[in-house]
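Next up: a single chain in structure tokens, the form predicted alone.
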């Protein structure tokens, strides 16, 4: 896997459709859309798409349940329609970023736009029906590894960068509205709390996760330590306010309750290579998915052993 450093897997466990689906991008420059049966713990492939390079992230459209956005290592943003055969895809390839595109996030409230972040130090705002971006946000001094919409405010998003800062943006403003010097090392991921729109998490190369309240951001309200290497991804639960999941280059997936003293409430060491993707289902409470450089996808219910499924 070390020979494919530009091909990081990611996982997103639920589309807006009625049945839970898992979408996975793999390090072989192919990503697969998988269906999780509601009656058995088996995954079946719906469709697979070849890409010119590795895929760093994927995001389902919030308005069309067959559309998805792929962040590709060749600097492109590709839009796929799972209702069409692979030969008819991608339906659009957006070529504006000048380096690897590292994340994609669809607006969950407005549902007409999405963000991408890139190693070219920028975040771009797009709509599906436009061939060019709506706007480019350029303030970070190094790679922007993640950008995520606020779950309640349709114009607000956060970004996480290798310049060690979190930035809060409002698309109606000319520049960022808040700069948080969150870590002393690169920040690889960020996510908003789904129940308190003023809380967000940052995950860093320094092996920690920090929880921030933007109403008083001088110091974090919680620091979560427990990973042995860089924390690659962090996701708040869509069902429980205090719960979040993370994955790390230490090959583990951890569950945390940031409001209690012993915040680490679960740890899974099922991957045999870097764990680089983790998410929680919006449709099924407690359903998690993870993937890693071992080219394996695990889907399991919280409280169970991922390897037992």
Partner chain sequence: MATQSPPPPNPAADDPTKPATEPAQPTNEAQQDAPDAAKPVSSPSVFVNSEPMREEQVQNAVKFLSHPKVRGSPVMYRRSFLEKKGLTKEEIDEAFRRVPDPSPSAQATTINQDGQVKSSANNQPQATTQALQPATAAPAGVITPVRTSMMSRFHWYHAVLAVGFLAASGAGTAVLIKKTFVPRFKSWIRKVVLEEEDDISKKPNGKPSLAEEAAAAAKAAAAAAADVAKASHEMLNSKNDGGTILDLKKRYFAEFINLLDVQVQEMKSMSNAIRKLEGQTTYSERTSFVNQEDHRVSVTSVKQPYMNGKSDFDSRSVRSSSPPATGEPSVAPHPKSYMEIMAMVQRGEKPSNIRVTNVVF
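Residue numbers count along the first chain shown, from 1. Bear in mind the structure is a predicted one, so any value in this text is a computation, not a measurement.
Although not depicted, the form predicted in complex with the partner chain is the subject of the following passage.
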Item checked: residue 198: touches the partner chain in the model of the complex, heavy atom cutoff 4.5 angstroms -> yes
Next item on the list: Answer with yes or no whether residue 163 is in contact with the partner chain in the model of the complex, where contact means some heavy atom within 4.5 Å.
Entry: yes
Next item on the list: Find out whether any non-hydrogen atom of residue 89 is located within 4.5 angstroms of the partner chain in the model of the complex, and reply yes or no.
Entry: no
Item checked: Contact of residue 138 with the partner chain in the model of the complex (heavy atom, 4.5 Å) -> yes
Next item on the list: Check, residue by residue, if 259, 262 and 286 all come within 4.5 Å of the partner chain in the model of the complex, counting heavy atoms only.
Entry: no
Check: Which among 231-239, 77-85, 100-108, 130-138 is in contact with the partner chain in the model of the complex, heavy atoms within 4.5 angstroms?
Finding: 130-138
Check: Can you name the residues of 209-232 that have a heavy atom within 4.5 Å of the partner chain in the model of the complex?
Finding: 214, 215, 216, 217, 218, 219, 229
